[in-house]
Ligand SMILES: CC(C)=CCC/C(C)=C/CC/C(C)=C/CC/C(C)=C/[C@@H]1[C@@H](COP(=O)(O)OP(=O)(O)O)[C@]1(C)CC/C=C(\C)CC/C=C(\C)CCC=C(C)C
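This document starts with one chain, in the form predicted alone, laid out as structure tokens.
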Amino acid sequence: MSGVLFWVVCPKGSSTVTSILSIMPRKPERRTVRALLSSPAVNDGSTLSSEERVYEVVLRQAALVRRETVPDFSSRRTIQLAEGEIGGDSRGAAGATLPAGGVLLNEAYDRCGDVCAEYAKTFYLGTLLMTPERRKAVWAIYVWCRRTDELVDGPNASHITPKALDRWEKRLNNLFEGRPYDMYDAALADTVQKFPVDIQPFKDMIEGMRLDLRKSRYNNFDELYLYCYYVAGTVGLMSVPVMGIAPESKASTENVYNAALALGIANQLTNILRDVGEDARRGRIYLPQDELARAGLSDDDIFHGRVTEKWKSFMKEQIKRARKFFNEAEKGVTELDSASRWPVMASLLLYRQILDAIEANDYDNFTKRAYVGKARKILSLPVAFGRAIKGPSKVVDSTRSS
């Protein structure tokens, strides 16, 4: 089970300190970014929890944004379609050049938009509220994430090997260097030139796909958290530079990134809870094994779809955890640029309602699929708008970096 989750929306998926600090990514004690990154414990990663390891990535992404708060659209390189194993296509042959702002590059972005419109209609409509440059960049990121997800969840998934993912990562490195293989890659290559987007979250998403090839059980929430970061939290980190942080925001860049990360984790946990039955039929269980054992449950209970009182009690705790992540994410949405707040807030509220639907199904996520009806979606839009227009908090964040 993998999932492509967006800071804006979740187009597809299956299957986080006081009480909230025990759930959210832990911030190290007040140490400087320089001191943290030079720590031997950070460099080898062996003594850190998954939350702490992920937080290192958050710090690096936040530092990158601080170095380039305003995208520079004037220094873009010409994109060169590579002569490679994938090459171009009928309308963008290998070896063709795509100058910044050129016709072919605009067509590349349009194709990404077409994919979004076909496969993620709600997401696509939300992007239309953004500025043109941000809209196109988000389309490009979405398409890359979807294509990555399709490697292990698509029609050819049974033929995907670790070597295939290695080739995909090599292709990622090339596009970040301005040498994409096809038109979709070209749109992302242009995006990462315009916005302060780092390659690490993209690499981490590929690592999540590798996990899906070799792992079908998670011993504890620490392991599951890392998986959720790989396949979903990464998208939040990819997207913040494009969504933009409101100039008047008093929040630290790290906290905005943490909120984006929290939304990805919340969405993926929701996918996992919604798709328990579907995943079980594929021999996969994306639930913490130690928590199942403490609840008196086993893999056999899940494979046989037993909705018992023990199962309901277990599910209540899992839903409670996911909601805490959603609540933490909501704090960061209002810190985004005004043009990005409404679609992000709408997607958050809509996805959180899937948890309500699981409850309404009396926790039977084995035979009943939890979904949000069209009427509830429509009613959520004005609520999301009302919350989005409030704008950034007026309270100065005590952790704000200078």
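Quantities reported herein were computed from a predicted structural model and do not represent experimental measurements. From 1 onward, residues are counted along the sequence shown.
Quick note: we don't show the form predicted in complex with the ligand, though the next part is all about it.
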{"property": "Non-hydrogen atom within 4.5 Å of the ligand in the predicted complex for each of Q61, D185 and L188", "result": "no"}
{"property": "Per-stretch contact check against the ligand in the predicted complex, the hit in 269 to 277, 106 to 114, 158 to 166, 214 to 222 (non-hydrogen atom, 4.5 angstroms)", "result": "269 to 277"}
{"property": "Contact test in the predicted complex: I358 vs the ligand, heavy atoms, 4.5 Å", "result": "no"}
{"property": "Y55, heavy atom within 4.5 angstroms of the ligand in the predicted complex", "result": "no"}
{"property": "Contact of R321 with the ligand in the predicted complex (heavy atom, 4.5 Å)", "result": "no"}
{"property": "In the predicted complex, G208 touching the ligand (heavy atom, 4.5 Å)", "result": "no"}
{"property": "Contacting member of F123, F176, Y181, F314, with respect to the ligand in the predicted complex [4.5 Å, heavy atom]", "result": "F123"}
{"property": "Within 205 to 232, the residues that have a heavy atom no more than 4.5 Å from the ligand in the predicted complex", "result": "M205, V231, A232"}
